[in-house]
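Quick heads-up: it's one chain on its own, the form predicted on its own, in C-alpha cells.
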Amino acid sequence: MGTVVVVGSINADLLVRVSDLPAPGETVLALGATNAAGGKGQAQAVAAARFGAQTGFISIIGDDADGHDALAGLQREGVGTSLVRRSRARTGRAVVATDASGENSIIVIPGANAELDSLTTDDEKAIHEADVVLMQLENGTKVATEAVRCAHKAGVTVILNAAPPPDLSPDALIDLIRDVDILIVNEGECLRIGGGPDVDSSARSLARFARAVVVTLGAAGGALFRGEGAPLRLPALDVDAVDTTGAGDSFCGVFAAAIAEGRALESAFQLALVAGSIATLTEGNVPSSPTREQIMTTSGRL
C-alpha cells in the first residue's frame, strides 16, 4: 500500500465544548470536556495508517502517563513507533475549545515536542526507505528542514503541511519549500507565507517553488495549484460539522497515503477532501480520522 514516514508532534488534548468561543477578555462556561489523543504529527500518522499505508513515525514523548497512552494508541493503530524518542520533559499538550458550529480555537503547550530538533541515523534510514515523507511545523522548522532535505536528496516524495506557519524570512522560506514536492496549507497559512493579496496569487507564488500547492478551504473544499495553469477546485462534502479540529490532519495523512500507494495528485486530492469532511463528524483530532472503508465508500458515491 506504500510507505509513509511522518515527522511530527504528539500531544494529549483536552477537548472543551462551548456554546461560543470566548472573545478577548471574556470568560465562558464549558458545556463539557474530554481527553483525547492529539498533535498534528500523531493525527496525520494515524490517518495515513487507517487509510492503509505502512506508517512510521519520528516523534518524541515524555516519560509520563500521557506519553505511555500515546505510544499504546499508536501501536493499536499499526503505526511504527520504534523511532519515537523519550524525553524528561512532559508530553506535549493542547487545549481545544470547540463551539456549537464546529469551529475551534487551540492552544498548544509544546513540552517534549520542542526537543525534536534533529534527525538520528535511524531516522534518516527510515526516510530513505519511504515512498513519502510527511511533516508539519509543530516541532519547529529546524527538524522539518533537515527532513525535507534528507528526503529530497534520497528521491523520496516530500509533503510539507506548513502549519503552524513558519516564522522565516522570505529567502529562508524559499530555501525550505524549494525541495518540497507538495505543500499543503489552509487559507490563512497560504496568505501568510505566500504574501499575496488573495489565496490564488499567494498559492501561485508558492507554486513557483513547490511542485504542487494544495490549499484547504474548510467547508468550501480546496484548490490544487501547479505551475501557471488553472487550479483544480473541488468541493468538500456537505456535512453538519461537529468539530473541525481533525479535518486538516486527516486530509494530510490520507493525501500522503494515497500518493504513497501510487495515486495521481488529483485522485489523492479528492480522497483527502472526503477524509477531511468525514473527520468533522467526530469530536477530537486523532479520534476523528476515518477508515479507508469509510473514505472509499463515500468517494464512490460522489
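Keep in mind the model is a prediction, meaning the values are calculated, not measured. Heads up: residue numbers just count along the shown sequence, starting at 1.
One more form of this protein should be noted, the form predicted in complex with a small molecule, which is absent from this view; the next part is about it.
Shown alone, this chain has one stretch from 45-53, 270-278, 32-40, 252-260 that lies within 4.5 Å of the small molecule in the predicted bound form by heavy atoms: 32-40.
Between the small molecule and the residues Asp123, Glu138, Glu77, Asp181, the one pair within 4.5 Å by heavy atoms in the predicted bound form involves Glu138. Of the candidates Val148, Val199, Ala130, Ala94, Ala94 is the one whose heavy atoms come within 4.5 Å of the small molecule in the predicted bound form; the others do not. Taking the partner from the other structure, the small molecule in the predicted bound form has no heavy atom within 4.5 Å of any heavy atom of Ala114.
Although the partner is absent here, Ala219 sits far enough away that none of its heavy atoms falls within 4.5 Å of the small molecule in the predicted bound form.
Contact check for Leu191: no non-hydrogen atom falls within 4.5 Å of the small molecule in the predicted bound form. Although the partner is absent here, Thr245 is a contact residue: one of its heavy atoms lies within 4.5 angstroms of the small molecule in the predicted bound form.
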